[in-house]
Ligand code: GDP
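Next up: a single chain in structure tokens, the form predicted on its own.
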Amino acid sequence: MNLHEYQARARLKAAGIPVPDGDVASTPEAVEQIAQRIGGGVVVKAQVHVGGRGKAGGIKLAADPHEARMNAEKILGMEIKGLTVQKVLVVPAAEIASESYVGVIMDRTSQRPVFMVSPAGGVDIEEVAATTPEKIFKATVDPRFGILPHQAMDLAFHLYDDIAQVRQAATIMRQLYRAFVDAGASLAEINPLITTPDGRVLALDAKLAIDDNELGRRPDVAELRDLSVEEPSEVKARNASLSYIKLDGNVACCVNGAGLAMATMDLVKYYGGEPANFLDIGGSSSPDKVVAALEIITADPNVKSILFNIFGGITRCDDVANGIVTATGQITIDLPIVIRLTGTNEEIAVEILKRAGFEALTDMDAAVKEAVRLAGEAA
């Protein structure tokens, strides 16, 4: 789950990080009022869960409240990478002497948080990594102790020469790590972390990505979720206890098990197709889950064929087959469906599907090839 910038800024500020004051608004009139309260120049920033807002025209500087209102009229309602801007953040314009990047991310390989800093702030860290990787400096954190003072100081020396600014940055890194842990985050970053002409170090931007597995024990974080800016199909899948991610292809995949789902998508690509989604119905063969899965899949206009790939272990193939028959009986589907089942009770499952008018396969490669072929013919 991603937080909006204004939500992330609030959590960083609560952790003690120096963040300039600001407020969020959903109308141009409210933006003008906030700008009047702040005084002087302000920046109006679109609040959407994507990067590249500045390049898309979603971040604008305003010299006075009237200009702030005019900018808000342009930004509110605009689309950035498919997401409609419904709110903007209004913050004071800052005098910037330098821009740096500071972030902490959960590294799945080492199973530890890793700090990354760069003196090349203000741009996407991916761009820095691709063009000037020598400007990125890292430190792995032992979760038993958190980021140690000497680690934070060492990283800060890669950003600044002035010892006062090094100390400020080191303190901010320790505070950022605390915000990272308290939110159950998988990513926390400040980009840019700026210095001002008078030597202060401030966080101008904030990003927090929360591990969904942490939300059950952090209701204060879970209530920050903004469903209006999330992909509707992914919201529906989550409510149905399905693991679903929408992709750009035309072969829909409905699979039991995350590993098999990944392998299925790889095989679709291998045979020249493009997967339309990652969809794991889990170990349950409940018809309700299959109905929800098919409703989500068929709502995607890009889908040209549907591939069921089921490996029956603890989940019996005949239970899954009955679920598919029940689900397809409740929903009218005009798309070709390819079904592959193997494992526990696969012979019984094949017979159940045949009686319902489906051709059931047991070979995974053959099923994927057929789904790719049918999608290609319908494209």
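In this text, residue numbers run from 1 along the sequence as written. Everything numeric in this text was worked out from a predicted model, so none of it was measured.
Note that the form predicted together with the named molecule isn't included here; everything after this is about it.
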Subject >> Interface membership of residue 59, the named molecule in the predicted complex, 4.5 Å heavy atom rule >> reply: yes
Original post:
With a 4.5 Å heavy atom cut-off, would you call residue 205 a contact of the named molecule in the predicted complex?
Top reply: yes
**OP:** Indicate whether residue 316 is a 4.5 Å heavy atom neighbour of the named molecule in the predicted complex.
**Re:** no
Original post:
Within a 4.5 Å heavy atom cut-off, is residue 340 in contact with the named molecule in the predicted complex?
Top reply: no
Subject >> Location of the named molecule contact in the predicted complex, chosen stretch of 150-158, 68-76, 168-176, 92-100 [non-hydrogen atom, 4.5 Å] >> reply: 92-100
Original post:
Would 11, 16 and 18 all count as contacting the named molecule in the predicted complex, using a 4.5 Å heavy atom cut-off?
Top reply: no
Original post:
Using a 4.5 Å cut on heavy atoms, which of 264, 256, 118, 191 is close to the named molecule in the predicted complex?
Top reply: 191
**OP:** Heavy atom within 4.5 Å of the named molecule in the predicted complex: which of 51, 336, 312, 28 fits that? Just give me the one.
**Re:** 51
Subject >> Sequence-ordered residues of 289-322 touching the named molecule in the predicted complex, heavy atom within 4.5 Å >> reply: none
